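One chain comes next, on its own, written out as structure tokens in the form predicted on its own.
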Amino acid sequence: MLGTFTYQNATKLYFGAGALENLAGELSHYGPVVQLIYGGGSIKKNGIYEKVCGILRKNGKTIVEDPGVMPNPTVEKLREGVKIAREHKVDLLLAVGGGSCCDYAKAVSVSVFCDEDPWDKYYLRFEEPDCAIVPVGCILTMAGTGSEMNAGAVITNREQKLKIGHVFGPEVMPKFSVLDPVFTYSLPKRQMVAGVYDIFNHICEQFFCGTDDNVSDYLAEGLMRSVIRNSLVALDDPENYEARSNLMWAATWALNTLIAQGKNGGDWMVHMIGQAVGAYTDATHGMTLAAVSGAYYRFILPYGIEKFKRFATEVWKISPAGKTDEELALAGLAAMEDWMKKLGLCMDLRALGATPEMIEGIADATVLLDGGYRPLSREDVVRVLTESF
């Protein structure tokens, strides 16, 4: 295992059925005003909202409502949340929902006491916070992003057609997160499978890079096998606790920085292209990843063929007998795409409402990184997008 690194994870997790019972103990560490962040109202239908509010009231907290966080949180919504936090002098940002709510809460947390526009400071200039940070807590209702145990926050600027993520330092990570797999039972199938592929691709982004014998790769392979198996179980039986709990736990470990150690940052180009697609279509994040990943991985396969062979044999258990290196590597990708089709994922950009006329703009909006086996040029991105239709 090559390289040196420093590893820290500051988030305290409460995991399992009934985990919400631990919220009261955490609330004692914070002041009286809580900004309650949630999305379109599904937590009111499934009863989670009343449970959380009941605990907050019982512990003497003043609840400041901040609903309406969309699947791709916008800069306008971010500014609205900052205004709410400032006006009410909130002591804790409590996100109840999926990764978008958690991301949004973290973006608000670093912006409340910032004198500059958060979009310019954090998402265009990529500066770090130089102000006080409002603490964040998360109550997760969807497994996918891993935002409950990392410092990432993705925000969309629809006017500029940009969707950008900023990974902050450990001081921005949620102070605590509550993960009850039962809370994910009521998710619509489309959201569940989109989250599943987000988990899987987070692992792929960190797996398809580097050539050394790395413990992180062995961990990644185990996580991928677990996601594959449990996603199919949950697809047939949405209230299978074992499957849902495994998916929720895998989502956390896929992106809490553990398997990134020794990986020199990872690839992340599927995410960069997918996020640019999302900025143009407002499509669900996991679906944008699914739509472009096949074309991208086939493009870079010749440059990292040993790892793609390993992907085939260790993750998909494909025998190498009678196959060339390329045939084996491609068989792994074919197995992945067969699984994706079983889940009902969007396999091309047309399914997301994208048109060929968007290709040039999406390519312009794609952030180019150099951590993978073949750093892409803008022309390469155009080729990947074209082959994704």
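These numbers come from a predicted model, not from an experiment. Note that residue numbering begins at 1 and tracks the sequence as displayed.
The same protein also exists as the form predicted together with 5,6-dihydroxy-NADP; that form is not shown, yet it is the one meant from here on.
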> Between the options Leu349, Ala329, Val69, Ile362, which residue brings a heavy atom to within 4.5 Å of 5,6-dihydroxy-NADP in the predicted bound form?
Replying inline: Val69
> If you check Gly344, Gly353, Pro320, Gly40 against 5,6-dihydroxy-NADP in the predicted bound form, which one has a heavy atom within 4.5 Å?
Replying inline: Gly40
>> Taking any heavy atom pair closer than or equal to 4.5 Å as contact, tell me whether Asp267 reaches 5,6-dihydroxy-NADP in the predicted bound form.
In response: no
>> When the contact criterion is heavy atoms within 4.5 Å, does Leu223 count as touching 5,6-dihydroxy-NADP in the predicted bound form?
In response: no
>> So, Asn157 and 5,6-dihydroxy-NADP: in the predicted bound form, are they within 4.5 Å at any heavy atom pair?
In response: no
> Is there a non-hydrogen atom of Ser293 within 4.5 angstroms of a non-hydrogen atom of 5,6-dihydroxy-NADP in the predicted bound form?
Replying inline: no
> Judged by heavy atoms and a 4.5 Å cut-off, are Asn150, Pro188 and His202 together in contact with 5,6-dihydroxy-NADP in the predicted bound form?
Replying inline: yes
> Heavy atoms within 4.5 Å of 5,6-dihydroxy-NADP in the predicted bound form: which stretch among 87 to 95, 180 to 188, 122 to 130, 298 to 306?
Replying inline: 180 to 188
> Looking at 5,6-dihydroxy-NADP in the predicted bound form, which residues in 284 to 305 have at least one heavy atom within 4.5 Å of it?
Replying inline: His285
